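To begin, one chain is listed below as structure tokens, in the form predicted on its own.
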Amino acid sequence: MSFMEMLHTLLWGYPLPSEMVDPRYPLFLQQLGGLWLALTITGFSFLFGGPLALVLALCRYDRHGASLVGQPGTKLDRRAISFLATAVVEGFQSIPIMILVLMAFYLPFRLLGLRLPAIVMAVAVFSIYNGVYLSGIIRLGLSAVETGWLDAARTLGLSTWQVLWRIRLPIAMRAMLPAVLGQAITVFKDTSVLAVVAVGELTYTARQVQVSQPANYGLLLLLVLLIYWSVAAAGSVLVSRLDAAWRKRLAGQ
């Protein structure tokens, strides 16, 4: 295998055998492999995990013991919801990601006889995993908004949800951006644990190449290292530019 063939395989993975294609799901998703599969799982984990993270963050109390969504229901109701959300977050955070992956891939079939494409199960488990950790970032970001902004918004007659969407989230986004990027990089790197359940992301693809090309083991490891580093470095540059653009916009106002 030449260098370019090795690099192409790491980026795109091996073709999926036709007998393993599930016609109920989009073909292009099932054919993804290598780096692009890892990036796709990371992207979908934010698409589906982001709303979950926001709900969990809003259900919990902020660091000062106040509700992030105003005063809906009775005090007992709010405390019960906050307790449940906290239990979900801390419960999932106490489980290693590899255990979550093994549970997601084996329990549905054992308990329900349910078989799903690997990418569907991978997206599901990483959406939950990402949502749980992302909720902490969102919670801290929303809690960090100065009370003066909130008091001014309420003086103008904005409702609790208008304050959240128009004031709190836009201000918190800038503070959360570096942490969200770090979470995205962490999720991307953690997709490597999917190799234990034979999902053809970057690490598993590299193992397959290594089996067929043992003489190129050193070069293969170097390529995998460079690919992971390149994605992380590109994310850091992107955040730096977004932050600079944000500062420029605020200065213009």
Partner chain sequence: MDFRHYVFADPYFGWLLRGVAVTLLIAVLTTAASLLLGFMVASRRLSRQPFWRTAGVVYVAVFRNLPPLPLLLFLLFGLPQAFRAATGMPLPAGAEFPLLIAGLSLNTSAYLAETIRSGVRAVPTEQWDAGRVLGLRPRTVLLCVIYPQALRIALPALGTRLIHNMKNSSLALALPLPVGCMEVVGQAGRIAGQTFAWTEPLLFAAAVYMTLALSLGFVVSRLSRGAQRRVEVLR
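Only a predicted model underlies this, so the values are computations on that prediction, with no experimental measurement involved. Numbering follows the first chain given and starts at 1. Rigid core (definition): largest C-alpha set, two forms, superposition within 1.5 Å.
One more form of this protein should be noted, the form predicted together with its partner chain, which is absent from this view; the next part is about it.
Its partner chain in the model of the complex comes within 4.5 Å of a heavy atom belonging to residue 216. Of the heavy atoms in residue 128, none are within 4.5 Å of its partner chain in the model of the complex. For the chain shown alone, residue 91 is a contact residue for its partner chain in the model of the complex, at least one non-hydrogen atom being within 4.5 angstroms. Although the partner is absent here, residue 36 sits far enough away that none of its heavy atoms falls within 4.5 Å of its partner chain in the model of the complex. The partner is absent here; in the model of the complex, the one residue of 184, 59, 224, 32 having a heavy atom within 4.5 Å of its partner chain is 224. With the partner omitted from this view, the residue of 81, 179, 102, 153 that lies near its partner chain in the model of the complex is 102 [heavy atom within 4.5 Å]. For its partner chain in the model of the complex, the listed stretch (134-142, 120-128, 162-170, 91-99) containing residues with heavy atoms inside 4.5 Å is 91-99. Residues from 182-220 that approach its partner chain in the model of the complex with a non-hydrogen atom closer than or equal to 4.5 Å are 189, 192, 193, 196, 203, 207, 214, 215, 216, 217, 218, in the order they occur in the chain. For residue 20, a C-alpha deviation below 2 angstroms is recorded between the shown form and the other one after rigid-core alignment. When two forms of a protein are overlaid on their rigid core, residues whose CA moves 2 Å or more are considered shifted, and residue 11 is not one of them between the shown form and the other one.
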